[in-house]
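This document starts with one chain, in the form predicted alone, laid out as structure tokens.
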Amino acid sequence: MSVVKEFTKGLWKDIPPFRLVLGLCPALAVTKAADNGIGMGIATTFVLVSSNVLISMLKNVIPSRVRLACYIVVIATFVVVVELLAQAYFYPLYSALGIFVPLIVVNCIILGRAEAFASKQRNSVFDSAADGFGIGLGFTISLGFLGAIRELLGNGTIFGFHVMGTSYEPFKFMVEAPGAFVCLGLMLGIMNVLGRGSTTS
């Protein structure tokens, strides 16, 4: 039951970036299109799950005074794996994401889960894997949804397919940086209202 609980919390209760308010930089920068957001979410999920599992396995041998440096080395290793795989097999996506693939190393979600969850004695390797996968999946859903809204309003497309008809006038503001802030702010507001309603009922 614990594993299920750790997994599902990342899908609503602790969903980034709307609940934890972490990972805002890639959420704003790469979500001009839905596929970019999903691609970044999948890459982040791989690093998150892998680093959570390895840190949970090594937590008893990592000296506490250098734990953050060790966590960053572990995270950076998996980011290099993701970067090489993306270059080899998903080069168009890798080109679209640009500098934000190597910057997964400093994504505060990953380091935060390592410090707040995977490194704790009470949490098993399986719990840490479930935590990483749930948070990563929630992050992927968030970025995909944010990217879909921005792409739909800004270009009239979803995953590159035109869905709004030839008469639609794209709202180009939504695929620019200010549009990212506006869209994220509106979604944060909606999440807060929905969250308040679920706690009062």
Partner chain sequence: MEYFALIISAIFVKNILLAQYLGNCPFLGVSRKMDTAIGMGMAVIFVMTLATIITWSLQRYFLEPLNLVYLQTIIFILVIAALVQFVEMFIKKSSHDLYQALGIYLPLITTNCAILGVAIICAREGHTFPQMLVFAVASAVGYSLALILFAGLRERFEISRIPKALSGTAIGLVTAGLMSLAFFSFFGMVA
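Computed from a prediction, not measured in an experiment: that's the story for all the values here. Residue numbers count along the first chain shown, from 1.
Heads up, the form predicted in complex with the partner chain isn't pictured, but that's what we're talking about next.
Residue contact with the partner chain in the predicted complex: L85 places no heavy atom within 4.5 Å of it.
Remark: L111 counts among the residues lining the partner chain in the predicted complex, judged by a heavy atom distance of 4.5 Å or less. In the predicted complex, V79 approaches the partner chain with a heavy atom inside 4.5 Å. The partner chain in the predicted complex comes within 4.5 Å of a heavy atom belonging to V105. Relative to the partner chain in the predicted complex, residues V47, G156 and F159 are all farther than 4.5 Å at every heavy atom. Residues within 4.5 angstroms of the partner chain in the predicted complex, judged by any non-hydrogen atom, belong to 26 to 34 and to none of the other stretches in 26 to 34, 137 to 145, 39 to 47, 159 to 167.
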